[in-house]
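Coming up is one lone chain in structure tokens, specifically the form predicted alone.
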Amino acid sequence: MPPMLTLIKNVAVLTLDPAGTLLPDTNLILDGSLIESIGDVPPGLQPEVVINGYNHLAVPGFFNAHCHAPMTFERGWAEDLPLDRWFNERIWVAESALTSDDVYWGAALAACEMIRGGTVAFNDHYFYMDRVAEVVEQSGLKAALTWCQFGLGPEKEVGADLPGALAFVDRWQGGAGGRIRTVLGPHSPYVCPPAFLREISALAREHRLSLHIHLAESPAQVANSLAAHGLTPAALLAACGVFDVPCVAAHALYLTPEDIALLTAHNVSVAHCPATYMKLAMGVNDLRPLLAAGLNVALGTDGPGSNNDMDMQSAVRLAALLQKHHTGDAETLAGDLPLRLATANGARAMGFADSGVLAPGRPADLVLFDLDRPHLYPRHNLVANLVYAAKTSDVTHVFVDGRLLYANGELLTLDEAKIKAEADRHAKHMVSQSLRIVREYKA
């Protein structure tokens, strides 16, 4: 249904405002795409939709800051392999047979999973992004969409070369009623030649676009960059102008103190994807220096080909647990900080800076969690329960711009049964047809 006047009554609200306000029993009024008020219901209010929020918690929806959503079709296809073999033996082999229809159904399957799990927006970096844009338009989600480019010649690109990616950007910028942001996306400094990085950076400046890129995923990438260019990967990107526009750097695991200062000076956002780091044994960085420097650190799932799901609730819990384990400091990512990384910080990274906080006048991008579950009792600390105990199955309602996308187990904008059948069929056909490697991973 379209956005309308909605009353969510008798609900607990975790605003994630700067004070971390938690209102134990209040009312939320959504008017169109915005939050109208939090508190008492005005006399004479006649909402078109009324939801009983008793025993529920309203929170900002999750913003997945880095993913490859269509890669649901490679879920379980590339298991128990290190990064180089994961790319060369499975992922890029399977993707040699990739079609635009594969991308559509893979992204649609991801959209079903994301909505069910409380994600309201995703930052996607993949191919055939016009088909992903169709999914965004149909599903009601928000997204920043990046058509990945390698810069190795038109024959090496997938679905569109750089002019084609720019045409996609122009066609879909502000699409789906403003729910779509379009972004340029060089793959990485270890794949893209410096000349191409300079070219795409210049185009981003000219067209006032953001960039989305992978950065410093392994020690080998750093060592090889120093050997080839005399610069770390981060310094190379800065020298090529990549950071002269708003930029999301995915992973950024291996940074020097100078790199951190460089990213901070250029207001780069870092997307941290803990499940992938553990699954592919990539190692993990200490986020404390990044946060102390003022970097905008957000959370992502990465693609289901590397971490197997699109579960942002899991990313919140894993980020907190992995940082505590890695640093040996139980106070790392304390309190509601993991939730802020997954909401407001992700929204800021993706260009939806008004989202991520529940307050009057803010976009009505929010989720209701059912608190009446055994694993959410007792309620000594609702924030701790949400970070460490809540499950995606606890999500009962999802709103994006005030539009209800999911209610009590039912997807309201997508035909889930058809999507599951088509996605499964396309995935099996794609991997059966993959015959050639179109590129090779080298750090």
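Remember, predicted model here, so these are calculated numbers, not experimental data. Don't overthink the numbering: it's just position in the shown sequence, from 1.
This protein has a second form, the form predicted in complex with another copy of the chain, left out of what is shown; the following refers to that one.
- 82 is the sole member of 82, 177, 230, 360 with a non-hydrogen atom within 4.5 Å of another copy of the chain in the predicted bound form.
- 73 is the sole member of 127, 172, 73, 104 with a non-hydrogen atom within 4.5 Å of another copy of the chain in the predicted bound form.
- Residues of just one listed stretch (395-403, 24-32, 38-46, 412-420) have heavy atoms within 4.5 Å of another copy of the chain in the predicted bound form: 412-420.
- Contact annotation for residue 407: none of its heavy atoms lies within 4.5 Å of another copy of the chain in the predicted bound form.
- The shortest heavy atom separation between residue 321 and another copy of the chain in the predicted bound form is within 4.5 Å.
- When contacts are judged by a 4.5 Å heavy atom cut-off, residue 112 counts as touching another copy of the chain in the predicted bound form.
- Another copy of the chain in the predicted bound form is approached by residue 333, whose closest heavy atom lies within 4.5 angstroms of it.
- The candidate site formed by 54, 288 and 344 is entirely out of contact with another copy of the chain in the predicted bound form, as no residue has a non-hydrogen atom within 4.5 angstroms of it.
- Along 297-331, a non-hydrogen atom within 4.5 Å of another copy of the chain in the predicted bound form is carried by 307, 308, 309, 311, 314, 317, 318, 321, 322, 324, 325, 328, 329, 330, 331, in order along the sequence.
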